[in-house]
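To begin, one chain is listed below as structure tokens, in the form predicted on its own.
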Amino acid sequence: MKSLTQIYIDGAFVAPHGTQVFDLISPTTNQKTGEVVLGDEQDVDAAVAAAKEAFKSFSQTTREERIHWLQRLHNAVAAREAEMVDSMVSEYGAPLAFCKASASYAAASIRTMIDILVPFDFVREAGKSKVRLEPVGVTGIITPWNASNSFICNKLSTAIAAGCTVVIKPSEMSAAQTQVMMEAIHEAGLPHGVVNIVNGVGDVVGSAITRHPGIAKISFTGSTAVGKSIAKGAVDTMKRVTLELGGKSPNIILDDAELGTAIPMAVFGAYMNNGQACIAPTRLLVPEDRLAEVNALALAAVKQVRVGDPKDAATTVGPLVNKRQFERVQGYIRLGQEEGATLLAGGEGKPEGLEAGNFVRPTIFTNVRNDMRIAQEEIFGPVLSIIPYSSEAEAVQIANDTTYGLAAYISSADLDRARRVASKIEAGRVCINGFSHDPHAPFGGFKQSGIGREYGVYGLEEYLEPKAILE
């Protein structure tokens, strides 16, 4: 049983002022595995004070000094990769393969930011003037429970590259993973106050960060509802915000695509990270005259999905993060049937032999209309909706008929055609013929999927303020 009783402020592990204790529950067994003492508003005040003091000197560091600190951070995180995998599998329940990829990405994102920082031009010309890009200030980083440490590393490395100091609020449900990350950050030996971490719930620590006048910017990844709340709270002190929010990503299978490849890939893609991924392609748009063929291929593919212990390398779908999320997904599975969609696979209840944990039967609905709630709302579980379309123009219309716009996917034998369709899709990222990631390319959402961008030069500029110097 783990007892996590410290937060990280001004280069030291300290006992929080807060006294609330949060139980850590295994999603695989629903047994208590530990507890964490959560911080409060006073802890946020202390963290911000340390970050503000550190900002005075850290904001003046050179590119070479920041690269030095990023390299030390990279080395420290990479050295703890195995522990990060173990804690993520146990605490979060994602399959082993996904956790390995996530932990690897955590370290790789720091290395990528070094590569971006090396040629980055902090002084530019505009007309006859000089424009200096200067660090925005103390940054509040608020991360979700899915892939917690990779989110922290990407945001933190970008802030350091810009010369910002940070106060991080991870999800309270990721406390064991956060403990490993805190230790790695401490081992990196960054200047005191550059990185501060306060465990806590959103209504307390998250709200305090949002309101705090000493914080200049917030970078948040999470639900659209919480993102809206942060944006409203941030405006009182005119905080800059980067919000990476929810998604209901379309996966358009054009009529010339090779279905034998595209459909199994679509099924497994929808179930990535147990379906708890904002970029998951959970709306599968297919030609209506090939719907029967698609249904057969999807049914065959879902039979290959292995639900089980996330520590087993053969598992492709593990448990959902907690009972609340399990019940939420069960509600959507009931709703889909009530709305008149055809249940092709899965359904309510738990897979046989997995009754103890928060396991969901991988579910596919077909004959789904895009106005159904299961097609419009982010379910965040292994539930796929197959939506037929009659023409390419209708496929684009359906794809864009959503309040979200985070990611989209297109499969076609004709690359030029796929690019043409991609140009019409309202989403921050569009992947063609597969699930790609480029850490140099911007990532963020159109519409209610967010504000601003992360990754690459675009992400770095979000942490910088342009100052024009006219002579």
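Predicted model, so just to flag it, every value in this text is computed and none were measured. For every residue, the number given is its place in the sequence shown, counted from 1.
What follows is about the form predicted together with nicotinamide-adenine-dinucleotide, which we do not show.
At a distance threshold of 4.5 angstroms between non-hydrogen atoms, F98 is out of contact with nicotinamide-adenine-dinucleotide in the predicted complex. Proximity of P144 to nicotinamide-adenine-dinucleotide in the predicted complex: non-hydrogen atoms within 4.5 Å are present. In the predicted complex, nicotinamide-adenine-dinucleotide lies farther than 4.5 Å from every heavy atom of S391. nicotinamide-adenine-dinucleotide in the predicted complex is approached by S223, whose closest heavy atom lies within 4.5 angstroms of it.
Of the candidate stretches 336 to 344, 227 to 235, 157 to 165, 252 to 260, only 227 to 235 has residues with heavy atoms within 4.5 Å of nicotinamide-adenine-dinucleotide in the predicted complex. Checking G357, G93, G247, P362 against nicotinamide-adenine-dinucleotide in the predicted complex, a heavy atom within 4.5 Å turns up for just one residue: G247. Note on the partner interface in the predicted complex: the residue among S150, N367, Q330, S207 having a heavy atom within 4.5 angstroms of nicotinamide-adenine-dinucleotide is S207. In the predicted complex, nicotinamide-adenine-dinucleotide lies within 4.5 angstroms of at least one heavy atom of each of the following residues of 145 to 177: W145, N146, F151, K169, P170, S171, E172, in sequence order.
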